[in-house]
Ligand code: RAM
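Only one chain is included here, represented as structure tokens and corresponding to the form predicted alone.
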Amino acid sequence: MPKSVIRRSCAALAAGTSLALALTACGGTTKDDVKADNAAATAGKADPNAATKKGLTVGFLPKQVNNPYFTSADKGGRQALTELGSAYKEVGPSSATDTSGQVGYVNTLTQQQVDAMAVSAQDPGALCTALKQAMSNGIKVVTYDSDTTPGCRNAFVSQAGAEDLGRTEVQLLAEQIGYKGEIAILSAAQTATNQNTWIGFMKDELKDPKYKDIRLVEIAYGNDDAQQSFQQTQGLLQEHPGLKGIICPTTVGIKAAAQYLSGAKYKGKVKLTGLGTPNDMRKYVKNGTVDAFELWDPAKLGDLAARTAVALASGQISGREGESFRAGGTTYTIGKDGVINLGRPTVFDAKNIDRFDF
């Protein structure tokens, strides 16, 4: 998985995934404008009992084609559309930084009159005008993985909820250390909104009486830099010789921490968990450095993006807060600003890690 995508996974998650944490506004857009735009984006009354339309065409526009992460996500979307009796179409740039190229692809899908499009936005503001034009032509717009502003799409399929991510990482580590001992957190940047939000939920989770014998002794910052994260891991263990575990909610950081632990006397003794990708962490799981870590399953993310697009195009939902719909056997409820959370993150361990390639 390229560094650009890895860094997006954690360091830039607040702007792209937020997981509904922070939505970057288009240049010059006021709060009132966003409210008005969002109302326009979700105009029309939904009928939850409407039949699912078949024969639709849904265009997928990832940040970067031929990227393992998006290949997995979009494969999930293709399979869902096949199951629903609709057609899948993929377009997109070969570079994860080709913002102008993404705009061009949105315009192409609009000209081809697809019924809906699922877009992972490279730049939230840059795509607004093109996406609004698509919606004005009757095309339903879903963002997935990386959002734009609410008024520029009908719904956003978020990887996971911030609360789920924060709490489950504490739960994972607590199980691994037997609910007893000193722990530390190795975060990205000290100012990272998403990281700080997750850490807030971690602290709140630790207030539960079942964690009374666990003590958070330090929060360190590796700035999503491999070398700094490696050094911070070393520093944490020198400063706290009794440390039992580390939570690292950043894919760059957890890989660096695992690299340090795997070559030190702490291997297997100091537990490590957090957010990582299977391809980065596979060898550390197999050599006993890491028991389990988590992230979302991109194939499930693509699946839900496709099903959301079809539900919108079928008139079953409009993107308004409080609406519910069935997708793949699960009922999802649309939250504030049209955000749909995929659910709890996927836990990867020795039993399942070889089933994933991203």
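This one's a predicted model, so the numbers in the text were calculated from it and none came from an experiment. One rule holds for the numbers: they count along the sequence shown, beginning at 1.
Just so you know, the form predicted together with the ligand exists too; it's not on screen, but the next bit is about it.
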(request) Just one of 191-199, 214-222, 284-292, 170-178 has residues with a heavy atom within 4.5 Å of the ligand in the model of the complex, so point it out. (result) 191-199
(request) Tell me, yes or no, whether T251 is in contact with the ligand in the model of the complex, where a contact means a heavy atom of each within 4.5 Å. (result) yes
(request) Although the ligand is absent from this view, report whether R307 comes within 4.5 Å of it in the model of the complex, heavy atoms only. (result) no
(message) Can you work out whether L272 and the ligand are in contact in the model of the complex, taking contact to mean some heavy atom pair no more than 4.5 Å apart?
(response) no
(request) Examine S314 and determine whether its closest non-hydrogen atom to the ligand in the model of the complex is within 4.5 angstroms. (result) no
(message) Please tell me which of Q159, T148, Q232, Q102 lies within 4.5 Å of the ligand in the model of the complex, judged by heavy atoms.
(response) Q159
(request) At a 4.5 angstroms cut-off on non-hydrogen atoms, which residues of 58-73 are near the ligand in the model of the complex? List them in order. (result) K63, N67, Y69, F70
(request) Indicate closer or farther: the Cα atoms of E169 and T331, in the model of the complex, relative to the displayed form, with a change of 3 Å or more. (result) farther
